[in-house]
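What follows is one chain in structure tokens, specifically the form predicted on its own.
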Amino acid sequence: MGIVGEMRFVGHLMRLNLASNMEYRASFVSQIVGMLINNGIYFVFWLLFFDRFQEVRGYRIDEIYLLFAVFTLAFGMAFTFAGNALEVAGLIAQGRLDYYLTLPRPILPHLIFSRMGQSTVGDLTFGVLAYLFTGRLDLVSIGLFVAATLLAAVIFATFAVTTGALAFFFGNTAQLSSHLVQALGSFALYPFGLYQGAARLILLTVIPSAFIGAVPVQVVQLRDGGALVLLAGVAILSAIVMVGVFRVGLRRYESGSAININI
């Protein structure tokens, strides 16, 4: 019942966040449209590239469609619903965890789900549209795509929270966390065959870009159940690491002695 109760609480937070964002619909819609245009420009670049060069290390235009669909939908799901995942380092450095510590709820889920991203809804929408270009509209492919993308979203969000929690140990690491999350995403948007040796090892471990790009593509393209199990294992491990780092860091937390009002 405790887990069910917390899931209901998180669902309630999401509904409140959506209602809050819809109060300013013009701003909300404009940010979504802006992100759609931004993603579209980057997408066109790849279309032009593959119009001239038919293949790059095993990737053709069909794989790029799928890669973009997985990446943008995973990013959109992660940071639309867990909007504070990208703000953890700043909240810690500013001593703004006090608000969450005073409430009778587990602090970590309350913290990361208490804010909803706005522009990231554009990423979420773009991911769905990009998937339509793949032509993989049978039920098995759609099911594998949804499962792989959800797991990739978990890895995205937990990585952001874990890097943000470094602020417990090293002070304000907001910029470092931001750069690491950007690196995670940037490396995922290129064919994995481009990376060799030490770079490939890093993208499978320290900065797990392969698990939000190449591996989900493999799951859908090859209907690879083993890759899906591996992806699920990495997502679970990422969540365990996130919880562990946050709990250890929380013991070092010092109040900011500030009064913050959360609406």
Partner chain sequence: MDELIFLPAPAAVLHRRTWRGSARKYLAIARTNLLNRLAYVWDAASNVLLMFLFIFIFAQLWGATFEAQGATEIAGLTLTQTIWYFVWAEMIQMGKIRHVRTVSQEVKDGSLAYTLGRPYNYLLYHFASGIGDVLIQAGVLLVAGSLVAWSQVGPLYSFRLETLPVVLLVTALAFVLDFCVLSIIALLAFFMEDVNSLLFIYHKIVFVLGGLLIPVDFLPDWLQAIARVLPFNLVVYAPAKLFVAWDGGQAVFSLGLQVVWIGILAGLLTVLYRYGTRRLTINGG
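These figures come from a predicted structure and were not determined experimentally. Numbering follows the first chain given and starts at 1.
In what follows, reference is made to the form predicted together with the partner chain, a form of this protein that is not presented.
Comment: the partner chain is not present in this chain, but in the model of the complex one of Leu204, Ile61, Leu194, Ala232 has a heavy atom within 4.5 Å of it, namely Leu194.
Proximity of Phe145 to the partner chain in the model of the complex: non-hydrogen atoms within 4.5 Å are absent; the residue sits far from the partner. Within this chain, Leu237 is remote from the site of the partner chain in the model of the complex, having no heavy atom within 4.5 Å. Contact annotation: Leu222 falls outside 4.5 Å of the partner chain in the model of the complex, judged by heavy atom distances. The partner chain in the model of the complex comes within 4.5 Å of a heavy atom belonging to Met35.
In plain terms, the part of the chain that comes close to the partner chain in the model of the complex, with a heavy atom within 4.5 Å, is 174-182 out of 68-76, 145-153, 130-138, 174-182. Counting a residue when any of its non-hydrogen atoms is within 4.5 Å of the partner chain in the model of the complex, the hits in 53-91 run Phe53, Glu55, Val56, Arg57.
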